[in-house]
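A single chain, nothing else alongside it, follows as structure tokens in the form predicted alone.
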């Protein structure tokens, strides 16, 4: 089954080394080997079973995307956190606007929207520090 192992390692060659990558590789190799054994028991030759198994497995682009690789290149964590930062800014802005609206509409004499605003402000602040690369 060296051919399967070599083929799977070739699929994952552009992904940086990690424990997750190793675990997924081992699981894929194990599943492919089990399928080859089933096909051999069904009457196929080992070479045909290996080729059929590899072809039927298909594309691993979804797996690569989960591991942080897009189009053969690792996704920049700074770019990824930049997207999270933008989302958190818009989301917290909308939440604060909702608090202001509720405050002005229902209790215009009391200014209380400031308190939940401080709580909501932590979300973009945390994303900003992640974007800067601080831990």
Partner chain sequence: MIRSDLIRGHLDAIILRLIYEEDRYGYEISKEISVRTDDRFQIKEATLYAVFQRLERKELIESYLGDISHGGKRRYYKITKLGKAYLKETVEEWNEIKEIVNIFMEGL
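Numbering follows the first chain given and starts at 1. What you see is a predicted model; the values in this text were computed from it and never measured.
Only in words, not in the display: the form predicted in complex with its partner chain, which the text now covers.
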property	result
Stretch in contact in the predicted complex with its partner chain, which is absent here, among 105 to 113, 43 to 51, 26 to 34, 90 to 98 (heavy atoms within 4.5 Å)	26 to 34
Partner contact for residue 20 in the predicted complex: its partner chain, 4.5 angstroms, heavy atom	yes
Partner contact for residue 81 in the predicted complex: its partner chain, 4.5 angstroms, heavy atom	no
